[in-house]
Ligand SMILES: C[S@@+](CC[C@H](N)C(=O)[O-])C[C@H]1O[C@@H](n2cnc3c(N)ncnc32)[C@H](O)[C@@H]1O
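Single chain ahead, written as structure tokens, the form predicted alone.
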């Protein structure tokens, strides 16, 4: 079947229509004419697979990853990085307008740095002596000896782990690297008896939740701050662009000069600590015990005297806060719950900074906040190049309702 691709959906898939029904096609770009076969036909949509290309887009590039045909990780690796950034900017504009009635004029151009080699963490799965990623849409594991998204230090560890996997039963391997590549943590799960090949190349080795080498954490830097990163704690994976994102928050704090900041979904305390030199006090809240444990260690590591952390769900404690000048939120993909939104309005801080990894839930939450807050600007950060994901920084200011 010969079709022409009309546009990309928000997951980076090509879209065409067949007999009035939408059809999604991986690895297809707008304007391309392709031959497809239908691999799924439901009531509301179809899924097609490309068999041949008749006309290629000028924006198409050769994929440099040898696994691109089987791995779903780099879903945009066939598109130039400039066009990827344009696509992501349009995606943010469309979703914020649809779910939040936010004018596209509020959305800035996408901020992007490294196209490859930016990840400081990878998670690999083991199966039948293979160690790698799962095939796109499957639980089958294919071997990975190098991931172009990961930094070189991590790829060096992958080479060692691949050799280990022939003799050891590795079910999962998580490899983390500090942002300056000076420290490496490897966490393994499985039936593993010989880890001698890792002894002199990693700083921390954890097997089945037991620390066998080094400390339970490594130390990573963002700007002039240092942070402990433990096995289960969340830490931004883009080693360079994270600083630019945090600098956006810092610039607002420097400009607004808030005396008291509430940092919700604070994780390991990175944002709160990063801005702590420019405010009187910061209160961080997160439900993760491991994250708050690291946050308190990070507080000591950076000698922060003006910050405290609360381990609880945000919705459980949000109604306890008053007299806050700035609220920072960095919630999970699901966004904010109604109680938290209601209490952000009640607190009535002059400024709200919203860091979001999902433009759809971000738009929804901004709409709920719109009776109390104006959106000043939205800055998209391409924290995950070659994928369809996009992070956003949003600055809101309280309305003067008289």
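Residue numbers count along the first chain shown, from 1. Bear in mind that the values here come from a model prediction, so they are computed numbers and not experimental data.
Below, we refer to the form predicted in complex with this ligand, which is not included among the displayed structures.
For the options 228, 116, 234, 87, the one in contact with this ligand in the predicted complex, meaning a heavy atom within 4.5 Å, is 234. Contact with this ligand in the predicted complex, judged by any heavy atom within 4.5 Å, is made by just one of 130, 314, 81, 207: 314.
Judged against this ligand in the predicted complex with a 4.5 angstroms heavy atom cut-off, the residues 73, 126 and 142 are out of contact without exception.
Considering this ligand in the predicted complex, the lone stretch of 279 to 287, 188 to 196, 247 to 255, 133 to 141 in range is 279 to 287 [heavy atom distance within 4.5 Å]. Contact annotation: residue 270 falls within 4.5 Å of this ligand in the predicted complex, judged by heavy atom distances. When contacts are judged by a 4.5 Å heavy atom cut-off, residue 266 counts as touching this ligand in the predicted complex. Proximity of residue 332 to this ligand in the predicted complex falls within the 4.5 Å heavy atom cutoff.
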